[in-house]
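Next up, structure tokens for two forms of one chain, structure 1 and then structure 2.
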Structure 1
Amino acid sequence: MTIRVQLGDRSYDVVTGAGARHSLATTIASVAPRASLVGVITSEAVHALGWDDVDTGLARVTVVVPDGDVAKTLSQAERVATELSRHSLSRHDVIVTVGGGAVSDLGGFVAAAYLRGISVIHLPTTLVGQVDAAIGGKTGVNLPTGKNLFGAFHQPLAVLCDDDFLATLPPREIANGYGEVAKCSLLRRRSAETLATLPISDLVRDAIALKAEIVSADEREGGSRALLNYGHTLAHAIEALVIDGIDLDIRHGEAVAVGLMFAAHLAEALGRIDSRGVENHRATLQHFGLRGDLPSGLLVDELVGAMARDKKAHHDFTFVLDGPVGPEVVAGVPRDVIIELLVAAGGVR
């Protein structure tokens, strides 16, 4: 299956299905015909599995980075770029990322900055990478103050989503991706009852299609693309605390599930939805095997401080919240309501 991201002369295909990775060499020849060297960026776990040993049709240099968000730092970006420079990767050449969302975020950022911008192709090996991180051109690394605060928009030449990669993932990593799929189902305004009638494979493909549709309409998050941050305001705040050193084992999709449930309660508190809307969020998360409970012991003041630094915010609190016509970006959410709901969810003051 091929899904087109329509961005004029920067349009590209997202190819899904078993064996999609095997089209990499022909894809490079088609979309980067002047390339003679490929810089492959991958993670330690993916390298150990040998998934990065994919045919590029050209000479290659491979740079291995740590697993997870540990790789998403300016120091790692500098290390990767320096290694590519040592091998004389040129503006005609191409970077290929093979890994999860952290790898595509980091590799895309390096591609955006190295030599002021070179081409990149993503081969996402995780479900969260395939349905979200690798599509749309948002690249970046983390700062000590928060997630994805240092980056650039840089669209790939192609995204190859191979189902074979997913067969290697443990159940928790699949659930991690389901957080983003659940988000897309809620953006589509599906009921939990409807979800029960649809194959999970269709929901995954639909999540990819929705991301492509929204990016095609709003490349740089000036309008509708902000809806893709549904559940992410609190999710990124939780992840920022992890970056800051809190001992908490939580994946991105799990944090998004918490954020989605909190957003539902916030929408109810503001009179935007009723209890049935809240329950549909809970049932949707349960359909995907996810919980929306706030992890215990988190300090409310720290969460509120992290949410105030969210990329959507403009010196206020901004959330994507459900409402009569579906999810919308809502600015100026009262601080006291946020605090009250965080305390009710188990946050510590």
Structure 2
Amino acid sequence: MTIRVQLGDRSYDVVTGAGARHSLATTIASVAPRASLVGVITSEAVHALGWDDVDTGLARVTVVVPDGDVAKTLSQAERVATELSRHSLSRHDVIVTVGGGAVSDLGGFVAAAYLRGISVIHLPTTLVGQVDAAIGGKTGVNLPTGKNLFGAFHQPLAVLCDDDFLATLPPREIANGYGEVAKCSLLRRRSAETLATLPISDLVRDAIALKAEIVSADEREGGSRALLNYGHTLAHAIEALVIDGIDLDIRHGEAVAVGLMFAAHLAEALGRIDSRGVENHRATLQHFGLRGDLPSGLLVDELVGAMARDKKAHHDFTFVLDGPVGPEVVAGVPRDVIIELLVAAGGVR
């Protein structure tokens, strides 16, 4: 199935389904006809599994980076770009990323800056990569002071989401992606009963389509793209505490599940939804094998402090909250209600 991201002359296709990677050579020939060399960027685990061994139809140079966010640094970007330059990758050539969100963020950023910008095609090999990171053109690396602080918008020419990649993904990485898929089901206002009638692959495709629709409507996050932050206000706060050194093993998607459940309680407390709405959030998370309970022992003051510092919080407490017309961005959520609900969820005062 092909989903189109509509961005005028920068529109592109997201191809989904088993075997989607095998259309890479024809995709390159059609979207980058002047290319003669392909710079493949991948990570160690993905390379060991052979997933980057995909036919490009052209000569190639492969650069392997470490797995995970350790690859998202300026020094790795420099190393990759230097390697591509040594092989004389030209501005007519194309970069292909094969890996998780860390690889598409790094590779997309290199593509945005190498020779002042060359074409990139993403082959996301994780569920997070497929439903989120590889679509939308946000690229970048981390700085010692924080995640994703150094980057650029650079839309790909195509994204090939091959179901086959997911067969080797560890269960924890699948759960990580399900956090975002659950978020999309809730943004679509699907009932948990409806979810039960649909195969998971349809729900994943639906999440990809939602991301494509939202990016088409709001490329740079001035409006509806902010809805994709559903569940993320608290999730980012929990992740900030982890970066600050608390001992907690939580993946982003698991933190999003906690944030979604919290947002449901917040929406109920503010009279935006009723208890059935809260129950639908719980049942939706359950459908994806997620719990959404606040991890025990977190200090309420630290969570609230981290939320206040979140760059997306716009100086007050902003949440995406469900309501009569579905989830909306709600600014000025009262601090005392947040504190009360964090305590009710088991947060420590």
Ligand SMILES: NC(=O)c1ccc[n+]([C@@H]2O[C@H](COP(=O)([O-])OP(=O)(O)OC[C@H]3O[C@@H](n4cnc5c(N)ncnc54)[C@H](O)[C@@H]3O)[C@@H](O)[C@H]2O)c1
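Each form is matched to the other, and the largest set of C-alpha atoms that superpose within 1.5 Å is called the rigid core. Numbering runs along the sequence of structure 1, starting at 1. What you are looking at is a predicted structure, and each value in this text was computed from that prediction instead of being measured.
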**Request:** Please let me know, 1 or 2, which structure is the form predicted on its own?
**Result:** 1
**Message:** Phe150 and Ser191 - when the change between structure 1 and structure 2 is described as two rigid parts, are they grouped together?
**Reply:** no
**Prompt:** Quick one: degrees of rotation for the smaller rigid part between structure 1 and structure 2, relative to the bigger part?
**Reply:** 13
**Request:** Check the Cα of Leu303 between structure 1 and structure 2 on a core superposition and give its shift in Å.
**Result:** 4.8
**Message:** Fitting the two forms on their rigid core, what distance in Å separates the Cα positions of Ile250 between structure 1 and structure 2?
**Reply:** 2.6
